[in-house]
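We've got the same protein chain twice here, in two forms, each standing alone as structure tokens: structure 1 and structure 2.
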Structure 1
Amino acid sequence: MSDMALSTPRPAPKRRSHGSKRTLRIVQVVCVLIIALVMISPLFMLLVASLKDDRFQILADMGSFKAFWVSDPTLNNFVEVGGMSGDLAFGRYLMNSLIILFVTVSSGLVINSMAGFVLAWGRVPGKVVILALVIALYVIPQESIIMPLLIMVSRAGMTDTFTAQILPWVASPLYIFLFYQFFAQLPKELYEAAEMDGASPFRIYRSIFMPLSLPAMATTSILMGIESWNQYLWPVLVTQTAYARPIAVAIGTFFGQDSIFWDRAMAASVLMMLPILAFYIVFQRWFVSSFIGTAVKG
């Protein structure tokens, strides 16, 4: 659109070349759109299949265009797997996952951003050492601390709790560093002026720096949210009963059984997809641009 506005005052011959450029652009958009549709077609197929009642029909329809069309959509599968108790209590597992997601992300935002703020602007002795430690800790993969962590949790009698699934992943070197980077690039005057007005560090954080960090908050929310939602290995190890079992583990176990009820597995998968999709759509506006800002350095 802005291209057109720019080119209007130009002389005629230029405009003709602009016209052919426009066709090229349309072709490009169509190509990109087609590739995008191919890439997301498996997701669309999942949605369609979850609306079909007959699990044998679902398999029979795969591999033809029927996989993308449902003639009489029904929510039966969802009713069947949406329960809060019983064998297929995916409603309950979904709730568990949502509780874990909400508590992890909200406490993670506060704790990591406060730490990042202090590392960027505070006068704590040994700040540089702490920062170096945070960066060094980032290298340790979750997979390589999970076994000792399992001993700790089982000795503390915390297996099968929400706490065991939330507490270890709240503070994270990656997000502390992300916030540190974001806060450190804000102008010095901002901090100094507030300090001169006699504001305490927490006050400065709470009423000036935190409100300014919305883009970093959005990025962290999305990354942390995806991470928490997709946890699989750790909850497999620490949940034995349905009490705190998240939906990822429930689907994984259900799917691992011999006779696969595709219809129910599909419906449960759609259930699992919906919240993170909503979450993503809400934050997407900030996400791509702010993630672009932090990705390479992070």
Structure 2
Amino acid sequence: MSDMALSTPRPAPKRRSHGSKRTLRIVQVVCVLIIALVMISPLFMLLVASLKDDRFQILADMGSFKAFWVSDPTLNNFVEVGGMSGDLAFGRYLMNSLIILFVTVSSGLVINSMAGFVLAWGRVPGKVVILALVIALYVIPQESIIMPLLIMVSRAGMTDTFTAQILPWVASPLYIFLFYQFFAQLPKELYEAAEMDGASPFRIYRSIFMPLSLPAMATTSILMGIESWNQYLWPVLVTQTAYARPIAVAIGTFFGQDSIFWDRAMAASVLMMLPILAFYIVFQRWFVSSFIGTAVKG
């Protein structure tokens, strides 16, 4: 009986444990909310500023909470910068960026996946050396090859064209290695069974391996799309007119030496942000699953 009496009052630690778990959960939620506010607040401030019609008021409100509030919202800034012609033809610049994004990503998926497939399953002499060179090329900074690349593009007569902004960045060591790593993890029996059925390597790549590589394709699409969309230095060097100029370069025209048009710059920045945000939302499910799968396998 004495042993039973001593063992009865033990539920108390469970209540303390439950309370500590609840406190920990509250702390985690608060931390997540703080991080989310820090990340979202610049975007919200950008959206609010784009709805203000006075560029001097935007600059005056930057140092206070007024930057997150607009009393008289207007869409005049978007109307001014959303045209397809004239000095503020940001509709045209946005269309240029969308063309560059679509062609770069679609052609990059084909070329990089083909190269990764060949390195993983092709019978290529010196395949290990080629793979090592691909990895070595990735560590070379992009800025170090800008000037030689600019000379090549200029001598080829491709300046101020879409081709000059697409062709140099279609193939990338990073995305070739990403596809190589994904294809190399697929079962060897899958390739051998298709080969025994008489399928050619291209047929195996197109009909079997590509449908299985949706996570890798989504990851590559997002990374390549963001990289292409945010290009600034290269388009500045190869474009001189509005014919092929992307929106990232065009926004820089608002920041002159004499004055800065904050209202129009904010509206143009919102226009620039929306397509790539929608692009990420479409592919985010495969993007997240690809990283989770990589982490689990690693």
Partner chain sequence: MTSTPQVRKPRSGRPAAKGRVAQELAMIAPALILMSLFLILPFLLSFWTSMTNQPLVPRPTPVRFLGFGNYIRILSDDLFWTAMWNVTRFSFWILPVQCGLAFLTALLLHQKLPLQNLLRGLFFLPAITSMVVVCVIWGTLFQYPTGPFNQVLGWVSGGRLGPIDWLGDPEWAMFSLVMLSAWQAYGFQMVIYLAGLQGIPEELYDASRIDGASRWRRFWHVTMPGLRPTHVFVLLITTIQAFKLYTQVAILTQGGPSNSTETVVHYMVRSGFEEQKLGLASAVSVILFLIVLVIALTQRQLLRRFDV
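Because the structure is predicted, anything quoted here is derived from the model rather than measured. Here, residue number means position along structure 1's sequence, counting from 1. Here the rigid core means the biggest group of C-alpha atoms that line up within 1.5 Å when the two forms are laid on top of each other.
- Of the two forms shown, the one predicted together with the partner chain is structure 1, not structure 2.
- Taking the rigid core as reference, the CA displacement of F56 between the two structures comes to 3.0 Å.
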